[in-house]
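Next up: a single chain in structure tokens, the form predicted alone.
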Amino acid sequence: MKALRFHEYGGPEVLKIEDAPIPEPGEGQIQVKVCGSGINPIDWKQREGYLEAYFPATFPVTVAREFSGTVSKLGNGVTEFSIGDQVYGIAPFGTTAEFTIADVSATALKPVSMDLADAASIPLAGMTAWQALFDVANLQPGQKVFIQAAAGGVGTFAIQFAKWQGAYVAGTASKKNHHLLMEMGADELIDYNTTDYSTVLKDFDVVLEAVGGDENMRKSLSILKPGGILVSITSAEPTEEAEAQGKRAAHLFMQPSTKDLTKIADLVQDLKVRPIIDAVVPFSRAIEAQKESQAGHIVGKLVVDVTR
């Protein structure tokens, strides 16, 4: 099969589309003929070696973990899916390839209403936003939530999940993206190019921290009300500082879940949530798409259509 791989840590120059062995499913796994492969910041961070503590590399590494496609082979003991099912989820490794394998516990049937390739835009960002807001922060109707990088992959899902839950939603985004985010339900938006959010916001119940850095962590804590929670998806949480202020802080590393994927698929199917896709690019442009992702300023998600 063809796969996008790298044989050493480094910049985009180490990426190559090349021949690779087709992976075989083990017990509790399925083989998937990939249609869509979602691109996320975690891809370039892994490629440059920043995530070695989480994902020790066995070279060569096939890029990305987010996928949509058709079940092509069942591993031993698999009864949850049938060959030909259209699925989406998170693979343990390598989805920018013609085939991948996935655990059944990290896979679900894709939203029926979505094109197969487009469905790859959901799993990682969608489950990250879902788990941050509901599993960690326990967001409730009427609460106030502040979402950083609101126009990004996680942010666009988080806005819609929070509004579905009945929360008041504020976020940061460049001015050019404000109209789109207002359409998605945002109540208050701040242009991070011109305004320091910590000078205009206060008394929030939840902050979804997605920028990183000590200064941003301090500012995030400053806009929380007593008892409020900061959920970071970037780096270690400032637990001691939060406790000193009578607040809470937590770090989320998303855990794939069939239950979460199924719930999100239902919301998409019911038109409660709309995945925002910046572009779907052919396999031949996969390296360029990785460069674009690393440069930032993607609205929603980038997806590689492996079939074209």
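Remember, predicted model here, so these are calculated numbers, not experimental data. So that there is no doubt, residue numbering starts at 1 and follows the sequence shown.
The same protein also has a form predicted in complex with a small molecule, omitted here; what follows describes it.
Between 150 to 158, 217 to 225, 84 to 92, 98 to 106, the stretch whose residues reach within 4.5 angstroms of the small molecule in the predicted bound form through a non-hydrogen atom is 150 to 158.
Val211 is the sole member of Leu180, Val211, Met114, Ile229 with a non-hydrogen atom lying within 4.5 angstroms of the small molecule in the predicted bound form. With the partner omitted from this view, the residue of Leu124, Ala167, Leu133, Leu189 that lies near the small molecule in the predicted bound form is Leu124 [heavy atom within 4.5 Å]. Mapping the unseen interface onto this chain, Phe253 counts among the residues with a heavy atom inside 4.5 Å of the small molecule in the predicted bound form.
Shown alone here, Ser72 lies farther than 4.5 Å from the small molecule in the predicted bound form, counting heavy atoms only. Taking the partner from elsewhere, Ile233 is found to have a heavy atom lying within 4.5 Å of the small molecule in the predicted bound form. Mapping the unseen interface onto this chain, Lys202 falls outside it, with no heavy atom inside 4.5 Å of the small molecule in the predicted bound form.
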